[in-house]
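Taking the form predicted alone, here's one chain by itself in structure tokens.
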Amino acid sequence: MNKVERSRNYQHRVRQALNKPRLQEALHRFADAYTLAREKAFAGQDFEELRNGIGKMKDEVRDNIDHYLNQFIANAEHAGAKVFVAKTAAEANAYITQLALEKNVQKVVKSKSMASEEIHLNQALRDANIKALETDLGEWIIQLAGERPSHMVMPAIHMFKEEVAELFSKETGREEPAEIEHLVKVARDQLRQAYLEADMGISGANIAVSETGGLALVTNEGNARLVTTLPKIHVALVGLEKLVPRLEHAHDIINVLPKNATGQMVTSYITWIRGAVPCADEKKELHIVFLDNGRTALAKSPHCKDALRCIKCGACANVCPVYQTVGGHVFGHIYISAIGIILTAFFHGLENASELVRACIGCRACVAVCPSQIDLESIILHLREVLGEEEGIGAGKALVFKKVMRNRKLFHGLLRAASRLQKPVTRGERTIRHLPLFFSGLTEWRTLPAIADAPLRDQWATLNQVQAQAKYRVAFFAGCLNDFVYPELGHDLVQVMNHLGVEVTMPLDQNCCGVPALYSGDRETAIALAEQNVAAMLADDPDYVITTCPTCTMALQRDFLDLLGDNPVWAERARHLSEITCDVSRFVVEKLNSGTSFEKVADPAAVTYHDSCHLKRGAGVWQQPRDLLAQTGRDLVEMAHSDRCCGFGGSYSFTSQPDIAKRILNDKISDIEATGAKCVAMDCPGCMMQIRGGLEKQGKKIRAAHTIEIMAEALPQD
């Protein structure tokens, strides 16, 4: 299937998922409950310390995999197990099916194993005329439905009890009521005899301890113990990444895994297996099949290798707005959500991951909850670069990025021309409410801001910036939206900074931060723009560089370092720019200690606050804007899910996944409206475009404003 066909097919699946409101309802309900349960489960523990330790331990195993694997094999075989290392899925399937045939196995019972899903083990057994029965409740449900898991931990999370009752009724031959307790009993009754009849039990493993040669299974159902003990043959299929050096490391994972996976303090069953489990008086066999299947290649990838830290908790799906909108059957292949994108690329080929890579909105929610400190967003961005190199980024984007955006004068000249050409659709307003012809879809669900008649750079010389004794001299990186769409934010910034004794300059040689190109897979253009901006922003040796856009903040602080870090000409300058770059809210609170610099507004209407993704989870700024709003006398009302993405994502909401972006925005607007606030503040022009556009299109009388606007309104009047 070529790129165009893959994209068309994927968009069809997206639309099908979006037409299932009960799916979104179920996933949102779980996500809300999970967030609260997880917070409670980790109360009193230092999550950062825990995940830092797990990450370092996983890196140690990954970098010394032969040592730990050989140590495990020696100890496991000493305890009576047989160990086989499968380089490919085909080798793993061949070993297990051949073993079953040699032992005349007729029936296999399985406990939950994503590794078995990864290699399509059930199909391999079926091809060998061996019946395989899933005994995990969720896995059995989807086996009956002929589906694959939609979540790594909760495989049937997408299904409702009524659907399950219908499946069970077909299986039992009688009508089963849609009552959860009854359905669990039906499953227990249907599966119980199979444990006694089975000749082989197949399980996965959460942990393989090198120093003992033993396995640990962390489960919420008793089926895994029955699968691993009752049949005469037990086969454990284990990914190489499940190795840990010692028992204390296993304890660290067991401490974190249930908390991060489901919000439980501890799981129901923790099963330790070392050697063949006794089975009455009969001889028992334990076969441990270690699975490579792309893991060694992943370990050698300098950009992606951290993905092998994953402990398969599934939390990256639990907090993902894309997953909550379309589910795991769309935002996944075998493995789902953010980690699934990476594993799919290495285990099942980049062609199967390509649409998933593009479906990620880059909100970094997954990064914030990952228990082994994987920077999932950065790895996915690298895969976009690989896709850009392999498949191209499209003729239109290539033209814009390579020929237009790199040429600052041409780029800005075209934006100025667009401000004049837009007159027929703006009708004298600063808002575009409708676009004609094939552009109409862009304004079906939100209004769009018009390009300003004069960009901020053309107005800069007229702004009052006289500072007799300035505390600091800062350079303002405006970004495209602040410069060409919302120049008034620049006016507000200057007023606030001047009032606080800060001189502001705006280097006019600055260009786009390069994030649109980088996120589209055009690293070459991103590097060129990084060099332009480093030179421009450091030209006058400012004390600090301040921004009003968190995406630009992350570009200057993080992306330029990555893009130029190996360049001896630019590396040190990029590092210096990173060190002096600061979001304006953090700068005011932490560098200026603004205190009572603002007047209390006469009418302190309630305001709620939206945390922009890259501001909170990238730059680490969330309390500072709230402190500033409080200083202006505003009554801050917290909204539910304040840090859930608004669905903007730059080109994501225009050309990549507008249907998903629209649904995510609707969730955000519902949360804003529920607060009763008349204003929603934020610190990102992109979020402001998205949220303001959605509010206006839906006729909501709620103002969307940047925090710097509200600060400027609260300045003392001369």
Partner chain sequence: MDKKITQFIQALRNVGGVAEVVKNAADAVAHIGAHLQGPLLAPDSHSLQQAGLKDFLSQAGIEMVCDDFRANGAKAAGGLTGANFGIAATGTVVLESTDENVRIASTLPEKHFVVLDPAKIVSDYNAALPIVRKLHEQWPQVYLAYLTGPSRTADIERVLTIGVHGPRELHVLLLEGISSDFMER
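Only a predicted model underlies this, so the values are computations on that prediction, with no experimental measurement involved. Residue numbers count along the first chain shown, from 1.
Separately, the form predicted in complex with the partner chain exists; it is not shown, and the next lines address it.
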Quiz item: All three of V425, I702 and E713 touching the partner chain in the predicted complex at 4.5 Å, heavy atom to heavy atom?
Solution: no
Quiz item: Is there any non-hydrogen atom of D136 lying within 4.5 Å of the partner chain in the predicted complex?
Solution: yes
Quiz item: So in the predicted complex, does G392 come within 4.5 Å of the partner chain, heavy atom to heavy atom?
Solution: no
Self-check item: Non-hydrogen atom contact Y195 with the partner chain in the predicted complex at 4.5 angstroms
Solution: yes
Exercise. Considering only heavy atoms, tell me if H499 and the partner chain come within 4.5 Å of each other in the predicted complex.
Key: no
Practice problem: Check each of N122, T97, T212, Q495 and return the one that places a heavy atom within 4.5 angstroms of the partner chain in the predicted complex. | Solution: T212
Quiz item: in the predicted complex, which of the listed residues (I73, V386, I273, L167) lies with a heavy atom within 4.5 Å of the partner chain?
Solution: I273
Quiz item: So which stretch, 326-334, 136-144, 454-462, 614-622, is the one near the partner chain in the predicted complex (non-hydrogen atoms, 4.5 Å)?
Solution: 136-144
Exercise. Could you list which residues of 226-240 come within 4.5 Å of the partner chain in the predicted complex, counting heavy atoms only?
Key: L226, T228, T229, L230
